[in-house]
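So this first bit is one chain, no partners, the form predicted alone, shown in structure tokens.
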């Protein structure tokens, strides 16, 4: 697939708009909410809901520049602060699930509040369980059909925006659960649980290494009843056929990652760029010039480090844009989404650690933001599929191996 290296003017406008927001509204409060974990960033939420969502960003439907511009937005705002980006009122991962697996009626119903004039709303996705992390097929949460309602039971952990999405009216949580444990992955479905639904309980918030301003919730579902139509995709429930090699329900749920992984990759690029920009500014402030045109054999060690950091960053960005562009144009992008996520997660970890190394002891202290960016970086190598899981997916796609053939 051809890649244009010149962004459209509309995308350039979007980048400038969100970079200005990152500089003026996110950076000034970044350290405050890193130190005050679980505090609600009211000024940021209000500002984004009033101004940010009406800016020249993309949307979950693929209109305008679709996911490419969503990724540009993610990069710029995560350059400002990745945790505040995750805290802003959007459909987020829940929205990507609805966009990837929902019907047109479901998209209209659940995503409409994010375009309205009401109070801020959030979306979230609940997949991970105490005994089911990278292996989504090991999910134990259950969904049983009782008349015209699904009854959900189970425990979900590490739910990004789980507190906001479950507590604020108009929001929702997309919950992965099995309708038939004996069916394995074929029994996994995703369900939309609106905020405030009886039986959905917030029972805890994680204390984390990084992205500390982001609420990361533990949710408990006890006889939680939702309409039959809240099953994403189709309300029809097909019996498991052991002769079938796959199941559209599970594949539809997994398609969520094809949409969300490029966004996470873009987040990583934003954090990595924040660190690289700061390193270059500090070097320039001390009169240290990076000689881009000098022969590699004549470069000093720090110059080589900076050039390698920039190369890693550019490679991650281009892989991200490719996966996002394919998503926008309706092309299968599972391989490309995992490639972007794996590359960006590794790149941002290396870049932020190298930034601390180059700048020395002050960068390891809270005198500089670099130590925060290093802490914020690592999650991009973990959530939405760990580095190892995404590399495994890439290998399977390239070799055309099934999950049973390559584990």
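Quick caveat, the model's predicted, so the values are computed rather than measured. Numbering follows the first chain given and starts at 1.
Just so it is clear, the following notes concern the form predicted together with another copy of the chain, a form of the same protein that is not shown.
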query	finding
Proximity to another copy of the chain in the predicted bound form, single hit among 181, 228, 201, 300 (heavy atom within 4.5 Å)	300
Another copy of the chain contact in the predicted bound form: residue 107, any heavy atom under 4.5 Å	no
4.5 angstroms heavy atom contact with another copy of the chain in the predicted bound form for residue 258	no
Contact of residue 359 with another copy of the chain in the predicted bound form (heavy atom, 4.5 Å)	yes
Check all three, 288, 305 and 354, heavy atom within 4.5 Å of another copy of the chain in the predicted bound form	yes
Listed range touching another copy of the chain, judged in the predicted bound form by heavy atoms within 4.5 Å, from 140-148, 289-297, 188-196, 97-105	289-297
